[in-house]
Structure formats: C-alpha cells, structure tokens
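One chain comes next, on its own, written as structure tokens: the form predicted alone.
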Amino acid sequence: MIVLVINAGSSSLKFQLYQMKDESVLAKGRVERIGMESAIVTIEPTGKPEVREVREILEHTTAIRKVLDMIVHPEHGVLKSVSEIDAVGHRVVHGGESFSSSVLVTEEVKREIKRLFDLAPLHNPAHMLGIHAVEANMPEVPQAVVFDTAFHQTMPPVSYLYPIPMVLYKKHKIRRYGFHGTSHAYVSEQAAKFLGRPLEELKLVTCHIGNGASCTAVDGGKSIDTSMGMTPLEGLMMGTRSGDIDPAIVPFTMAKEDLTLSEVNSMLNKHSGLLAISNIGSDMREIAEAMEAGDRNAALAFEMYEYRLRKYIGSYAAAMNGLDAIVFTAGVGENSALLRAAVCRGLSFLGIEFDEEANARRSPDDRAITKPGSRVQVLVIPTNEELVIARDTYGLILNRNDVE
C-alpha cells in the first residue's frame, strides 16, 4: 500500500510518500508561498536529485495537483500513475475532546473539525483546506486524519482541568489539550524498544524540543500530563513563545502599553521566548554561538530555557512517582548537546550517570547518552511524525477493508 502524508498550513504544504510494505519514503517535498505568483515547489525523490520550481500557485487545490504531477513525472517522479496512491493521511493539530484516535475522513468528521476551528484558528482551517484539495484531485481515494491532541486524551481531569469556574469548561471546553502528540507517542514506543522493556512498565518524560517545545509524562504508555495547554503557548519557554507566565501580566501590559488583545497575543506567541531574552534570535544554534562569544543576554536566555525544561522534567518525575528514562527529540532536543548536558547535570539527584562522550557524538540513530549503570536512562530518539501518520492511515484502511 502507498500512503501520501500531507501537512497543510495556511500558505504552505509538506508531503511524504510512503511504501508501507517496508515503510520506505519514496519521495518528500513541500510547497511554499501558496497564494502567490512566486510559489516554490520542491520534491526530493529517493535516489534522485532534488527538483525545485517557482510558479504561480494561488490555492491548495492547485498545490496538491502540482505535487501529484511531480510524483508521477517521467523524469523525477516515483510512481507511474496517481492511481497507485491508496490513501492520504493528514496531520490535524486540534481534535478537542471529540477525537481520541485517528479516524477516516467522513462528512461528520469534517463538520467536527470545522466546529473546532475556534480552538486552533491558525491550524485547523488550513488542514481542512488540505483535505478539500485532496478531495478535488483524488475524489475516490480514502483519507485519514491524525490529531496532535489525540495522544493526550488519556490525561485524567486532575491534569487537564484548570482551576477556573467549571462553567467555562462545560460551556467552552476550556481545558488542557496538549500538542505534539504524534511525536510523544512515537518516541515513547521507540524508547521501550531501545530499552528492551514493555512500554506498559515504563515511566518516561518525553521532551519534544524544537522552536515549539513540550514535555509529556508518559506512564505505562499513556500521557498523564503535558506542558502545552489549551493552546501551544503554555508550558516551556520556546523559540518565540513565552510559555508559563503570570496571567495577570496580560491585562497589566495591555493597560500600561495600550495594546490590543491581538497585539498582546502576538507578543506572547511571536516576540517572546529565546528571541525576547537574547535579543538575537530564536535559533538555539545562534544562541549557543553568541554564548561562546561572551554574550550575556544569550547566556541568560539559555539558562532560563534550560531551567524551565529541567523544572518540568522534575515535576513529571514527581507526578509519576518515579522515572525510568528521559527522551530528547525534535530539532533542538536531537541536536543540542549543550542543552542536554546542562539538563542532565542538573538532574543528577535522580541517579542520572551522564556520559559526556556519548552526548557529544552525532548520530541519526536512537542512542543513550547515559552510562550503562545509570538508574535513569537518557535517550536521544529522532522523531518521525510523518511515519506515525502513515502507519495510522494504513491501519485504518486495513481495518476498513476487513470490515467490508
């Protein structure tokens, strides 16, 4: 079975094409600047050179059509016909309380995703554009949706409810939802395989640390708490997001600086975090270089970032009453030996025996950065959210075929 994975944004679209027989990637690519005359289309077919084109692409239906054209192109394509694609899987950020697992796309599912637009106004409408675009180009091909929030639907009320009037939850579903669920689920399973132990027996803290960042307490394979909340703004200090702050700062700042609700929302999401404290940028590599050069603001930004991450890990160890392993993943988590070292040195009380040499080595493979006798293992596991989407889509199609 061949599965096309789509991650549609408001002005961009990423894709990967999988042969599920061996879970190999046949091709991947992206469409950038959708809605403009100078949109950029890129395809990286496995075993062939990358191809890049600039052309007018004004909406998502045209973007999908161009992706399909490139996939079956006589020279740089990887399939003979679009009809070889058996299913399409979509990433959808927010499933609310409606979806605790991946589902096949139906009219009812589309209506429910649309109803959830208020919870993810920047993401869910764009994902719906991707679904409609595939329908327009491949009307007979089944589609599935995989939700970032689904993995966290196992959280108990003590974790997901906020201590605010209950009527706000009952009327508006204001609660913690969590995000990066496909990543946390994937690295949890990979950690269990690496450790050679059943996932059901493990207490893990998984750290998805990229420009957006979140930690999850995974107890017995289930998310019992996670740092992001109703929106991706809560939790850790991030590249441009503030993470946890005193909520009274919002009305205070609005009054003092005469800011609108939109302006303060933009401040907290796009102009805070590493960017705000370092006054350099949101890229951890830039922060590290500036630290090396003696920049005090960069050093402070790094220390705040690491401190808040370490606090969350410690609190989740307490929440689970134990800890078997910490997992680092995503761009910063996989690549910043500096951050991992700082976090692990500050958690030595847990019984972490840190291996400096293992941490410094770069590798695309799952690996431990602690010594064999360490009471708590620390792992670096590259995430693969697209593969999770492909696997879920594949499983749903197989189950549907069995029923039929």
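All residue numbers refer to positions in the sequence shown, first residue = 1. Predicted, not measured: the structure shown is a model, and the values here were computed from it.
Omitted from view is the form predicted together with adenosine-5'-diphosphate (ADP), to which the following refers.
Remark: of stretches 102-110, 262-270, 326-334, 80-88, the one touching adenosine-5'-diphosphate (ADP) in the model of the complex is 326-334 (heavy atom within 4.5 Å). Looking at adenosine-5'-diphosphate (ADP) in the model of the complex, residues S11, R55 and H127 place no heavy atom within 4.5 Å of it.
Looking at T253, you'd find every heavy atom of it more than 4.5 angstroms from adenosine-5'-diphosphate (ADP) in the model of the complex. Within this chain, G212 lines the site of adenosine-5'-diphosphate (ADP) in the model of the complex, having a heavy atom no more than 4.5 Å away.
When adenosine-5'-diphosphate (ADP) is considered in the model of the complex, R362 lines it closely, a heavy atom lying within 4.5 Å. For R308, no non-hydrogen atom is located within 4.5 Å of adenosine-5'-diphosphate (ADP) in the model of the complex, even though that partner is not displayed.
Contact with adenosine-5'-diphosphate (ADP) in the model of the complex, judged by any heavy atom within 4.5 Å, is made by just one of R175, R285, H132, H76: R285.
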